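A single chain comes next, written as structure tokens; it is the form predicted alone.
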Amino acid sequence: MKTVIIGPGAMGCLYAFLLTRAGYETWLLDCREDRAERIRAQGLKIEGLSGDYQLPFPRISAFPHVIAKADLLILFVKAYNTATALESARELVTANTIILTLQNGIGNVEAIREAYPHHAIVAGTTAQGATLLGCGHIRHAGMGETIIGGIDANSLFHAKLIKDLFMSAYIPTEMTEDVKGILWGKLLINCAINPLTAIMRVPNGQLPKIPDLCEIMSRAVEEGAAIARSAGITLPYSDQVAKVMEVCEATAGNRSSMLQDIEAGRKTEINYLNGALVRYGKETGVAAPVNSFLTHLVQALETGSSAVH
């Protein structure tokens, strides 16, 4: 199976490394040719949980015609870039191409379905954690399960194909029949962890050590759970707060993507995480003051960070 990953960030590089190491033809599609050239020249550098590797990686380009057709397209771009990325990948997509999103936030599935309404779409979450240290250079900082599922009955077979691919590449993967619930479960985890790591400038494992931050995380999650219930969504964990703390411990050394974005002066995905909860809350009549406050704080950090950079 020929896989094309869109986005050579931390997670895109991690999955490209894992699939390539397992012997599968794997490409990276970048939006910047200068960065693609650099990674093509120096390869992928991996450290951390997977060991230390310097992997030659010539299969990266900013030009889809160089890559040609994909059997599997994996989206690892920021949620606000999903529509643009899908449009840029049109030369890669055939009638049989499977499209997988493992992105953060809510709304990515809808964007894929709008761009490719007749394709097999698989969605999911991953508890793998990676920190981008430089161009094509990552630290594998968290090892966790990837959970995927087809967004409809026609995609179940395709989800099984992806599971088999990932498992053979030593990427622990499970399937679910309730993708929406899984996506919302991950949303609440991200809404608790990501903004606070960005605001406090600490890795995930520091959050449970501070009682005041535990209280904020709990309240953010409880708001999100109330919104999910109001929207008729079944969350995958009986104790969502306990799951957040478990994820913090399992990815203790990981610096969240939102923290990495703030440190680099980049736009964050806050509007697709806590901001999305606030919007859903307004639609369902459930107040989300803690998530609203966190959204405004991170937006203020974005403004200040971009001014510095």
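As the structure is a prediction and not an experimental result, all values here were calculated from the model. For every residue, the number given is its place in the sequence shown, counted from 1.
What follows is about the form predicted together with a small molecule, which we do not show.
K.L.:
Report whether the minimum heavy atom distance between Arg139 and the small molecule in the model of the complex is within 4.5 Å.
P.N.:
Arg139: no contact with the small molecule in the model of the complex.
K.L.:
Determine whether any heavy atom of Lys186 comes within 4.5 Å of a heavy atom of the small molecule in the model of the complex, and answer yes or no.
P.N.:
Contact with the small molecule, yes.
K.L.:
Evaluate Asn104 for contact with the small molecule in the model of the complex, applying a 4.5 angstroms cut-off between non-hydrogen atoms, and reply yes or no.
P.N.:
Result yes; Asn104 sits at the interface with the small molecule in the model of the complex.
K.L.:
With the partner left out here, check for me: in the model of the complex, does some heavy atom of Asn108 sit within 4.5 Å of the small molecule?
P.N.:
Judged by the heavy-atom cut-off of 4.5 Å, Asn108 is well away from the small molecule in the model of the complex.
K.L.:
Just one of 114-122, 228-236, 193-201, 147-155 has heavy atoms within 4.5 Å of the small molecule in the model of the complex; which?
P.N.:
Among the listed stretches, the partner-contacting one is 193-201.
K.L.:
Does the trio Thr284, Ala288 and Ser292 actually contact the small molecule in the model of the complex, every residue with a heavy atom within 4.5 Å?
P.N.:
Zero of three within 4.5 Å in the model of the complex.
K.L.:
Identify, from the list Ala70, Val247, Ile39, Ala276, the residue with a heavy atom within 4.5 Å of the small molecule in the model of the complex.
P.N.:
Only one listed residue qualifies here, and that residue is Val247.
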